[in-house]
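What follows is one chain in structure tokens, specifically the form predicted on its own.
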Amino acid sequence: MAIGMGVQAYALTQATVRALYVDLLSQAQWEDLIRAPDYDGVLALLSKTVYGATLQVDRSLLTPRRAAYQIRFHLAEVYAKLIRVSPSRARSVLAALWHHYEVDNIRVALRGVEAGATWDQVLHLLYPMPRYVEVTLAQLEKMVRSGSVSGAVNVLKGTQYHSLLDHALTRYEEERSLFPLEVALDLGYRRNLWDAVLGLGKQDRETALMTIGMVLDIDNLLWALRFRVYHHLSEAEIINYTLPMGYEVRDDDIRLVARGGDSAQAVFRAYPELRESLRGALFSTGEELGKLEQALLRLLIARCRRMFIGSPFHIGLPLAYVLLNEYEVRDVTLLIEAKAARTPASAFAPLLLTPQA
């Protein structure tokens, strides 16, 4: 993409992102939230931030679950705004990334069916997605009320998700586990996102891969490790349940993990900057995998912040911003739940990703 074309195409996008960026929580705000005495104290502080508008709900109804649901409306507004002001190919990638939450909502609905949950029990576990969706809230409700997993899948006829799930229904019936359905959703979503990125022009594709490529790599690497450590899947199964492509994590790395090889070799080849902080880790226990996930996500967040240095006229800027916003919402949700449970700061603060200290 020529520089002039990039400026012209992304002028409105970068101006919108810059305006939104100042609303991310500051370090001082994070410190106040962490020190808040209780859940009510957190709500009072959040009411003075960009999340305040989403929390205008009767206090008697504002349970921690409801508060976590409400703050997600801000993320929905951010996506809708940036999809609207971005050039067409960038819009397709942002929309594809946004569908991650649609996949999560379908997963929650299927789990609700499996558990025999009511629609009221499921509703506030969902991500609010008022725009740029294939599966509406009414369809999700119909899935939950269908009474069976096969009935829920049939509700999705006419969407991209139906064929993914329909092909996995046989294994679900055999195993009576949602695992094959959820894997089919995850892999289908990530293949579509990868294809959307590859459809970009050269400069946009390169900057998109620096963020979205890393998102997909992290998921793929952690999937392979978890399938091996937690589920003890065979090499063939792990390869079948992971992506065959990547940005910095290669297919050879996934195959090394799948066959029970040196996982540290695969991790540190892709991310040598983690070698010192994770020295000695074999990535063979839940604790080690938790530390690896934290380190990878912090590396991703640092990469997103670096996108705001240099020329802003490319897709990397809006992608970096939505990811920063997503992880901020994740951290605010964690903090809300921790304060409601009266968890000491020493236990939850180290788990927060987005505060700078």
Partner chain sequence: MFRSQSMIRVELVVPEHDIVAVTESLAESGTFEVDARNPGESSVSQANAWDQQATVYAALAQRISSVMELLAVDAGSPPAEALRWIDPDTVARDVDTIEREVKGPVQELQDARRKLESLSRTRSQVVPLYGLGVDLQRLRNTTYLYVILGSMPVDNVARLQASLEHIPSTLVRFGERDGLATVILFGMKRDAEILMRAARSAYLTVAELPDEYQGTPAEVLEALEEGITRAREHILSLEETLHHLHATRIRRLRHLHWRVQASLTLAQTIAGFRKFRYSYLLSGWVPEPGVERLRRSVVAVSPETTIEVAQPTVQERAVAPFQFSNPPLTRGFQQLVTIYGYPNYEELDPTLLLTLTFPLIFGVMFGDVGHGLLLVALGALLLSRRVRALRSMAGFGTVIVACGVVATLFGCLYGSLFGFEDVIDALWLRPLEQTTDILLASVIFGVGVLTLGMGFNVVGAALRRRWGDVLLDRNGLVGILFYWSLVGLGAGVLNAELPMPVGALAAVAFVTAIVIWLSERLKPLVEGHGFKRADLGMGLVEGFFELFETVLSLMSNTLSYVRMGAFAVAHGALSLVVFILAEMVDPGKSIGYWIVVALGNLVVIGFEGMIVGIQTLRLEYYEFFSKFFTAGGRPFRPLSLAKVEGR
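Given the structure is predicted, the values throughout are model-derived calculations rather than measurements. Residue numbers count along the first chain shown, from 1.
Keep in mind that the form predicted in complex with the partner chain is not shown, yet the notes after this line are about it.
In the model of the complex, the partner chain sits within 4.5 Å of a heavy atom belonging to E235. Taking the partner from the other structure, the partner chain in the model of the complex has a heavy atom within 4.5 Å of a heavy atom of T242. Using a 4.5 angstroms threshold between heavy atoms, T170 counts as touching the partner chain in the model of the complex. Taking the partner from elsewhere, V183 is found to have a heavy atom lying within 4.5 Å of the partner chain in the model of the complex.
For the partner chain in the model of the complex, the listed stretch (160 to 168, 115 to 123, 97 to 105, 208 to 216) containing residues with heavy atoms inside 4.5 Å is 160 to 168. Interface residue among V135, I83, V153, I254 relative to the partner chain in the model of the complex, by the heavy atom within 4.5 Å criterion: I254. None of E287, E174, E276, D262 but one reaches within 4.5 angstroms of the partner chain in the model of the complex through a heavy atom, and that residue is E174. In the model of the complex, the partner chain lies beyond 4.5 angstroms of every heavy atom of every residue of 84 to 113.
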